[in-house]
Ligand code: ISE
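Taking the form predicted alone, here's one chain by itself in structure tokens.
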């Protein structure tokens, strides 16, 4: 990309996530503006456009990607569109920030890796925003300082208030748990070698295929381990935490509570059911880091296509483990020099 003073960004998918990116990039990131938007629901696109000084509304996502008015693209459309749209961005020579997951199959993720490798330049960033969350980066700093000794075990909790009826365990692993797999890799600085997953249906009235409470165990490289809970019908709200147990101590994320509320014979903290709210700051930091990397032509400090591919391989192994009840090895392909 030629050096520019401001990056013109196109947003593909303007639901909650895409609109959040659009608002951040247009109003909170000095080196960027939103020039174009697309959504299959044109009313969503119109709303996002209104937030961004009447950004051009497209009726075709590939036309947006190829538009000369677009320098870079954010993909926040449904999961099963991510890989093909990312491939279109690579073909067009447009840097792309793709929301997780990078793909919904290992083969599709591998196709993205092959296309980017052939392009011979990193074009793809993946939206694992916990890498920019102040609570998670504080844990990372504590662990990498060496004061706690070697990191040994990652423990994670990931809870949603509710999900649509009929959501399967495979969908949860693909759409939600990917953040946890990446968090474990990021905080332990280790790769997943084996997975084991168990799950259950928490309520009899749920669809027969529903597995809405999952527990996973990961055997990691360097003799490290990870264990996590993903519960998507927790009812009370949305909450995420991560803890790293080290040889001489632990570090755990603290919830960014700003006030304790006393009312109705109760004292406590409000828990939002909005999954965007707890990471509001992280999304802004992520968007700023991405735009800065484009303006300065430097490495993006977040996740890349290889991280997205690895997460999909881990996810596929977890789905197999959930269905078979067995430990499943994680087999990665050879890591291209581009990602070393």
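Numbering follows the first chain given and starts at 1. Bear in mind that the values here come from a model prediction, so they are computed numbers and not experimental data.
The protein also exists as the form predicted in complex with this ligand; that form is not presented, and the subsequent description refers to it.
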Candidate spot 193, 216 and 321, all three touching this ligand in the predicted bound form (heavy atom, 4.5 Å): no
Among 252-260, 142-150, 155-163, 103-111, the stretch whose residues bring a heavy atom within 4.5 Å of this ligand in the predicted bound form is 155-163
Using heavy atoms and a 4.5 Å limit, would one call residue 58 a contact residue for this ligand in the predicted bound form? no
Might residue 132 be said to contact this ligand in the predicted bound form, defining contact as any heavy atom within 4.5 Å? no
Evaluate residue 179 for contact with this ligand in the predicted bound form, applying a 4.5 angstroms cut-off between non-hydrogen atoms, and reply yes or no. yes
Proximity of residue 175 to this ligand in the predicted bound form, heavy atoms at 4.5 Å: yes
